[in-house]
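Two versions of one and the same chain are coming, encoded as structure tokens; call them structure 1 and structure 2.
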Structure 1
Amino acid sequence: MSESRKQYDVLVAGGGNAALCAAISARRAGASVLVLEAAPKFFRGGNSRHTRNMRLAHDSATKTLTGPYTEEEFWDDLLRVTGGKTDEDLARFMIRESKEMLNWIAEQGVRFQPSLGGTLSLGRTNSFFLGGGRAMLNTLYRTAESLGVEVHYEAEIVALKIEDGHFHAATFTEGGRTHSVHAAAFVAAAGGFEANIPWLKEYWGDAAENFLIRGSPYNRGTILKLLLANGVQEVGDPTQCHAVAIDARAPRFDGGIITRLDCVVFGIVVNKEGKRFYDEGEDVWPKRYAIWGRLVAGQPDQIAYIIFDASSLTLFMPSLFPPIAAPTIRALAGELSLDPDVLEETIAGFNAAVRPGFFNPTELDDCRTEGLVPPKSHWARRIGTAPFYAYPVRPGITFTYLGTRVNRDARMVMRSGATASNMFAAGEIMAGNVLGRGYAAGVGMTIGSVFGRIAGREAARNARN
């Protein structure tokens, strides 16, 4: 092992939004900063690469935001999506701090744009990055490097030397060699463990083999595991992850946004036995998409099929793979290797239960089924116009909830209840503090930037003292 000659004030583990905000704020506070990113340069930034906006409170409209989004409204939204599984004090603090982020992040060079096509519902609340998450990351990296932050890629931390909540050194591999680095303060911003299939299998069993990981293959939770093993208090349900239904033909990792499917509400969803299993029209899609990953995960072989007909084809955003098409339901069943008799029966039963109504694709309409189990509460229209289409779907894992407990300074809290002397956390690795379950668009980036900035500042302060 080679001993790094340099001693840094602040060592940042990870390379996403939270890590870069921490690195920049620590550097701006005068600290020397080393960033160790496990991914190669192209894949730097973990899941921040796949993001596109940040939810920040603001009191008035801006050039890119259509109206005010008050702290209270943000809090109400967070309370609703988490079902109360949040640390109110920390969450309210984060929301208050988020107001300043709009300026701070722009000062780091990041540019915003009005909300993207198809996301009008977020135009008031969420600030969209011009060019998306990777553009934002590139800007943060440029800013960090111009300030003198040192960044290493393909540098994976494999061990941490921690004594009684005090960080001493980290061991990392780079270029086939093992190095050790000392730092006065440590910031963990290395994401969750959603790309670590063996770890997921601890909670999900073999079903996890059929999960697709929507983001970075480098979020293996190494740092999280090391921290928990060194007495840091855990937060969030370890068995839970944010899962949506994505195209089953997507690659195992890093398929990103383009494999999502927004058409569940316009069709029916059957499992491999050709049977429906949940109300596809329960609520508007933005409020329901996040339950479908779990629903599909609960089906045999973790696979399901969204079935719809020609009348729905252009009602939703296009996605990467074209739907599987066939002139008849029987033929479609053949394409999908489903039992044709069962699928025909399912469709016939559904069609017979559809009540007449006025179809409105953008609002909760009165098109519903009657006497069907499970029902379809809205947008229920007969599936009868050829050609017929199907998308195969599997659970797509976005992120995990397990993390390290932190206080307002982003300082880690030990299992004993004491605060760590020089260890901080930001981003997905501590998201579970404010986001115990559920999700609201752009909240992950709020957590990353707000706590990243604080963690960097506090780590620099810590290093100086």
Structure 2
Amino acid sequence: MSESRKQYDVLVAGGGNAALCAAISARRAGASVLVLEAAPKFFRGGNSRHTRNMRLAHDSATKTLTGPYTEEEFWDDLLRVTGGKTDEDLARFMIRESKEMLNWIAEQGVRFQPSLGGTLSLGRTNSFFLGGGRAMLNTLYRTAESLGVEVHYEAEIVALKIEDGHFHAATFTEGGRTHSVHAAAFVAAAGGFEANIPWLKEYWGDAAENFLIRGSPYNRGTILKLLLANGVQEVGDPTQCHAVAIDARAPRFDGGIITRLDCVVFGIVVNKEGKRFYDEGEDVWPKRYAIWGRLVAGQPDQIAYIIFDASSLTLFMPSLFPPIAAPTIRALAGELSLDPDVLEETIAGFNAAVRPGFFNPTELDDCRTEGLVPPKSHWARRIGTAPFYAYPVRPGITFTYLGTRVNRDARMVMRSGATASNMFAAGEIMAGNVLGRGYAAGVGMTIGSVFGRIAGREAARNARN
């Protein structure tokens, strides 16, 4: 083992949005900062590479957001998707702090594009990064490095020296050698454990073998496991996660946003038995898309199929893979290896239950079913215009909610109830404080940015003292 010859004020574990916000914040506060990113440089940034936007409270319209989107409305949206499983004090604090983030992120060089309309329904609530997540990350890296932040890639932390809630040093591997680095404060921003299939199987069983991982294959939960083993208090249900329905043809890891399917609300979803199992039109898509991963995970063999017809083909953002097409429902069933009689019966029953209404793809309309279980509450239109289409879908895990408990200063809380003396956390590794379950579009980036900025600032303050 070779010992580091330099003492850092702040060591940041991770290389995504939360880590960079922490590194920049700490460096701007005068701290010397080392960032250790486990991924190679090309794959740096964890799941932030695949993001598009961030949810932000604001009191009036901005150049990139219509408005307003009040703190109370943000809280109501979060409360609805989590079903109340959230730390209200910490969540409300995050929402209040989010009002400053649009300007702060822009001050670091990140650019935003004008608000988007259409079926995403996010023009008032979410600000979109110009060029997407990778462009945002590249900008943050340039800013961090220009400030003097030191970044090492393919540098995986394998051990932490922690005594009574006080961080002393980390052991990491880089270039085939093992190194030790000391720092006055530690920020954990290394994501969840979604890419660790054996760990997922501890909670999900063999079903986890059918999960696809939307994000980084480097998010294996190593830092989280080390922290919990060293007395940090855990938060969150290990079976809860940000999981959406993605194309079953996607790669096992790193498929990203282009494998997500946004057409559920315009058709029906059936399992391998050809039966529907949930209301496809329960609410606008940004408030419900993240429930579909868990819904599909609960179906036989963790597989389902989105079925729609030609009238809906151009209503949603296309994904990487083209839909499977057929001239008839029976032919489509054959393409999907479904029982054609059952699929025909399911669609006939759905069509018979559809009640006339005014179809509006961008808002909650009055097109619904009647007498059907489960119902379709909005956007219900008969499936009858050939050709017919389908997407096979599996659960796509974005990140897990088991994490480290923190307070408003992003300081970790120990199992004893005491706060850690010099350890902080930001991003997915502590998202379970806010997200007990469910998800609303862009909230992950809010958590990472808000608590990253705070963690860096407080870590630098701790190091000075």
Partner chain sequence: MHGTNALAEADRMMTVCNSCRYCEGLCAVFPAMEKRRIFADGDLDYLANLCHGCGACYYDCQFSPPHEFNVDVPRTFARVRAESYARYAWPGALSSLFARNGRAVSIAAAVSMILFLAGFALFDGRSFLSSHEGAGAFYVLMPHVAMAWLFGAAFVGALAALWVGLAKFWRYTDERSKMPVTAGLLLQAARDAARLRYLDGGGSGCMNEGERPDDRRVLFHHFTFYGFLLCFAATCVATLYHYGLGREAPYAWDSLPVLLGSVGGVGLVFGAGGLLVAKLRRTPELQEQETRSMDLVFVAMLMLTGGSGLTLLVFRATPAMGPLLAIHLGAVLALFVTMPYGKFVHGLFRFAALVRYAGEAATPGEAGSS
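Residue numbering: sequential along structure 1, first residue numbered 1. Quick caveat, the model's predicted, so the values are computed rather than measured. Rigid core: the largest C-alpha set superposing within 1.5 Å between the two forms.
Where the criterion is the form predicted together with its partner chain, structure 1 meets it and its counterpart does not. Relative to the superposed rigid core, the position of the CA of E280 differs between structure 1 and structure 2 by 2 Å or more. Once both forms are fitted on their core, the CA shift for S146 between structure 1 and structure 2 remains under 2 Å.
Relative to the superposed core, N196 undergoes a C-alpha shift smaller than 2 Å between structure 1 and structure 2. The two forms, fitted on their core, place the C-alpha of G298 2.6 Å apart, compared between structure 1 and structure 2. Here P327 exhibits a Cα shift of 4.4 Å between structure 1 and structure 2, evaluated on the superposed rigid core.
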